[in-house]
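Shown here is one chain on its own, the form predicted alone, set out as structure tokens.
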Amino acid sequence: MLTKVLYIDLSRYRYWTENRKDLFEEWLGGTGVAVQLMKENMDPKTEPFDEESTVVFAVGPLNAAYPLASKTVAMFKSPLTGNLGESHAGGRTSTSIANAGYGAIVIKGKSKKPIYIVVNNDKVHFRDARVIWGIEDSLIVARIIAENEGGRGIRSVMRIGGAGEKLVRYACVTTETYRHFGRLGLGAVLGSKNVKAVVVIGRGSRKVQDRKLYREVYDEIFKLATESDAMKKYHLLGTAVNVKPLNEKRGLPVMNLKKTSYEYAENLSGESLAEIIGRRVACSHCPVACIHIATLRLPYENEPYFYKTLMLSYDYEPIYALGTMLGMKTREDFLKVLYRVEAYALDAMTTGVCLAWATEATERGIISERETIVKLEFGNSEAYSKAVEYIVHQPNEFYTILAQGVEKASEVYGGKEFALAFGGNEMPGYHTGYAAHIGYSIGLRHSHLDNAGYSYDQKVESYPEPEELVKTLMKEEQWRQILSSLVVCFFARGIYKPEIVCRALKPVGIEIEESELKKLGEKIYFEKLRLKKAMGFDAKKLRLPDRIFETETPHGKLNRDYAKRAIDYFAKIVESC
């Protein structure tokens, strides 16, 4: 069982470890432990960019032990929402942290100069990063660090790009080459601490208490993963497989959600992108390989017949945010904008929603080319690529404000009725019905993955009373606190059911009954909600954008009163907890 916590104080360039068996025995790992470490190490009123702002990376008891237990939880105070931030990433993060011997890493303070941190098992090094500070392309940063550090094949390189340095509120952290701590601005928090990267080299291995049972459970999970239809689907086309079905159901947000079906959806589909696939990649300890890498050839300026070939990972969410939401007509135009977003290490979803809002605001005359500098038009990849650069470099007041998210931009310039944010976090790619939008609002990360409301919408023909829908979504989110404390990929939620989770925990030294596991999920959920409240969350102030009631869903147009009843009911629960 992983029980050791590594503490890193950037202000004093010190580090130490503590055995927190008490914490892990009560809260399992991952999200459960991260919430407690945030409570212990940071005043909830601390601002995201303050020196005492804290970042926690946490793994769980199944990481580096079982297939699809491949995620790391990052917890911090979000500069985008001003509230609790939580983001999950795969790649090699979890196996490196677990094999280095840690259940969690706590980072606080602020370095006096740019650095990157190297955790090499029980040693921590503070490397001078002044020479790479200012390099905006996160891929180049990773290559430079990789050349200078050992541990090839067992290390994780988590780094920021130009967006994090410039404190763009939705800057992400890229890990390895193709995975991200994407949402809510972790990259900006690390940038504010003068941290260019966190490198973790794990040279150990997980130990189990019952090898025979471990082998049996491992083989069962592996078999379920490799033989399930869902996993085969994700291996074949990845999450991009969702584009065509959502378009056919009229649940695909297009051009700032002005419509929900798109005549060019086929060009942006998983099937179309598979025609230019370069390779598939898997997170460490995952047999599925759902990460799909497209090739994009771009000509060199003033050099005929010379091209550079870019390798870009794509998923459904970037396709929605930088493709259909921006009115792209070809996969190449989508990939050009994605390339800019990836290089600067921006969250793709937030960037796309911000640019879609800015485009409609331009169409309506709320802002003009005086603010946007380039003429923003749906489908214009060149203009959007330039606008991405301006979000990072912030050449005028408009882009300085847009770098704070669509909620802030619409407060300053207007157009709030079509500013698609929920709890301050920009909309995910599902306009499928009530459960999706209510789910974004009441989810503690304001993410579609909190409670899978979008999935619920696609399974029901009619809805229960709003209060019952909220209870259903909360129950799902409470179970997901267990999954994110283990920490397993949510794509494996159909495999990691309570019964198999209990059996998987036994060989790593944890005995727990299914009923206890479910109660723990509920307990973690309310602990997180209370932390969110302490940071200033007020459910009574949740805003539902007018646009979601204007555009047809697969269930027709949504009723405001139904949605309001749901939010009001949730607000009462929050007030009483």
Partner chain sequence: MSKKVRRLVIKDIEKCVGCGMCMYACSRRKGEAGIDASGILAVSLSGFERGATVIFCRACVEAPCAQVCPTGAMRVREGGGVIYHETDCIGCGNCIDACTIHAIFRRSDGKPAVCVHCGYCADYCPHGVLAYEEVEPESFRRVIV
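Residue numbers count along the first chain shown, from 1. Bear in mind the structure is a predicted one, so any value in this text is a computation, not a measurement.
Beyond what is shown, the protein has a form predicted together with its partner chain; the following relates to that form.
S.K.: Which one, L355, C283, A492, V198, lies within 4.5 Å of its partner chain in the predicted complex by heavy atoms?
M.R.: The residue in contact is C283.
S.K.: Under a 4.5 angstroms heavy atom criterion, identify the one residue in A383, I154, L237, C502 near its partner chain in the predicted complex.
M.R.: Contact residue from the list: I154.
S.K.: Counting only non-hydrogen atoms, choose the one of 269-277, 207-215, 422-430, 474-482 that falls within 4.5 Å of its partner chain in the predicted complex.
M.R.: That would be stretch 207-215.
S.K.: Give a yes/no on whether V412 approaches its partner chain to within 4.5 Å in the predicted complex, heavy atoms considered.
M.R.: Flag for V412 set to no.
S.K.: Mark P299 yes when one of its heavy atoms lies within 4.5 Å of a heavy atom of its partner chain in the predicted complex, and no otherwise.
M.R.: Result no; P299 lies far from its partner chain in the predicted complex.
S.K.: Please determine whether T177 contacts its partner chain in the predicted complex, using a 4.5 Å cut-off between heavy atoms.
M.R.: Result yes; T177 sits at the interface with its partner chain in the predicted complex.
S.K.: With a 4.5 Å heavy atom cut-off, would you call D219 a contact of its partner chain in the predicted complex?
M.R.: Output for D219 is yes: heavy atoms within 4.5 Å of its partner chain.
S.K.: Run the contact test on R14, S111 and L167 with a 4.5 Å heavy atom cut-off to its partner chain in the predicted complex and return yes or no.
M.R.: No, the candidate spot makes no contact with its partner chain.
S.K.: Quick one: which residues from 89-110 get a non-hydrogen atom within 4.5 Å of its partner chain in the predicted complex?
M.R.: If the 4.5 Å heavy-atom criterion is applied to its partner chain in the predicted complex, 89-110 yields R92, T95, N99.
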